[in-house]
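One chain comes next, on its own, written as structure tokens: the form predicted on its own.
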């Protein structure tokens, strides 16, 4: 057997082991490999980046455990940027499980440790507010009437951050992440159409085709498109996490597969040429 034939006959156990290693290594420690950042993600990032320090953001967790693997990384990366910019963040949940997602997200962001943020002064969590668009309209219109206390039971009038909110004009940005099409459109109707507020949204990739027209029309200033949007944000904020980890695994394994395809083709043609030379 020629050297070319030996190369082509590489045991598949070796091939699969190499592919497995290419999956395990970035899973343990993400490489943060360069990626092509999408324009919609870049627009979300730039919209937030343009806000002056101290701007007030209304941030909605509109997803539960089913959407966490995709939108959880989006929320973590987005909040990293907002806390780095020293924005004031009012967090609420239009999803029933949103209150369960909040501690998972904040455990990764660690605003107190990483950014010196103070709860009640720099950010607050209102918990789940029922009613979808009714809840949105209430919080945007008069938060002091809509909510009497935060998630932890502290009266609204005792929270310094909320004393700064007088009405819709107090919000500099509305940002939401959701798996619900009604919630995704609801924020456009209530925040943009009604009050002309700046709105950015994120959702599952399968929802993007039906919601992108709002972005094209300028109603949404930026979009995080599922796990790709999460990876974009992690890359732009320099906080690699679950999304870039998944992207690194995909990039590493596909690169290995392409290398083996190239080796297979090279060995095939090399063996044919060697055979022809031997016959001549």
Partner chain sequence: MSEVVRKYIPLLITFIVGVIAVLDFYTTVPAIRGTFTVLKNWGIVVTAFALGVGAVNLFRVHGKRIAERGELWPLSGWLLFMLIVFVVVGLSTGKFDASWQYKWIYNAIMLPLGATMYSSLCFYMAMGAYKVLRIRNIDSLFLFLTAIFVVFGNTPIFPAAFPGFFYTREWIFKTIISGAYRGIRIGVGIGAVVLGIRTILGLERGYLGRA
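Residue numbers count along the first chain shown, from 1. It should be emphasised that the depicted structure is a prediction, and the values quoted were computed from it without experimental measurement.
One more form of this protein, predicted in complex with its partner chain, exists but is not displayed; see below.
- Contact annotation for the candidate site: 161, 164 and 239 all lie away from its partner chain in the predicted complex (no heavy atom within 4.5 Å).
- Comment: 201 to 209 is the region of 78 to 86, 201 to 209, 170 to 178, 108 to 116 lying near its partner chain in the predicted complex, near meaning a non-hydrogen atom within 4.5 Å.
- This chain is displayed alone, yet in the predicted complex one of 182, 120, 155, 103 has a heavy atom within 4.5 Å of its partner chain; that residue is 103.
- Under a 4.5 angstroms non-hydrogen atom cutoff, its partner chain in the predicted complex lacks residue 197 among its neighbouring residues.
- In the predicted complex, residue 51 stays away from its partner chain, with no heavy atom inside 4.5 Å.
- When contacts are judged by a 4.5 Å heavy atom cut-off, residue 39 counts as touching its partner chain in the predicted complex.
- In the predicted complex, its partner chain sits beyond 4.5 Å of every heavy atom of residue 218.
- For the partner-free chain shown, 96, 97, 99, 100, 101, 103, 104, 107, 128, 129, 130 of 94 to 130 come within 4.5 angstroms of its partner chain in the predicted complex, judged by any non-hydrogen atom.
- The pair residue 228 and residue 17 is tighter in the predicted complex: their Cα-Cα distance falls by no less than 3 Å compared with this form.
- Here's the thing about residue 239 and residue 252: their CA atoms end up at least 3 Å farther apart in the predicted complex than they are in this form.
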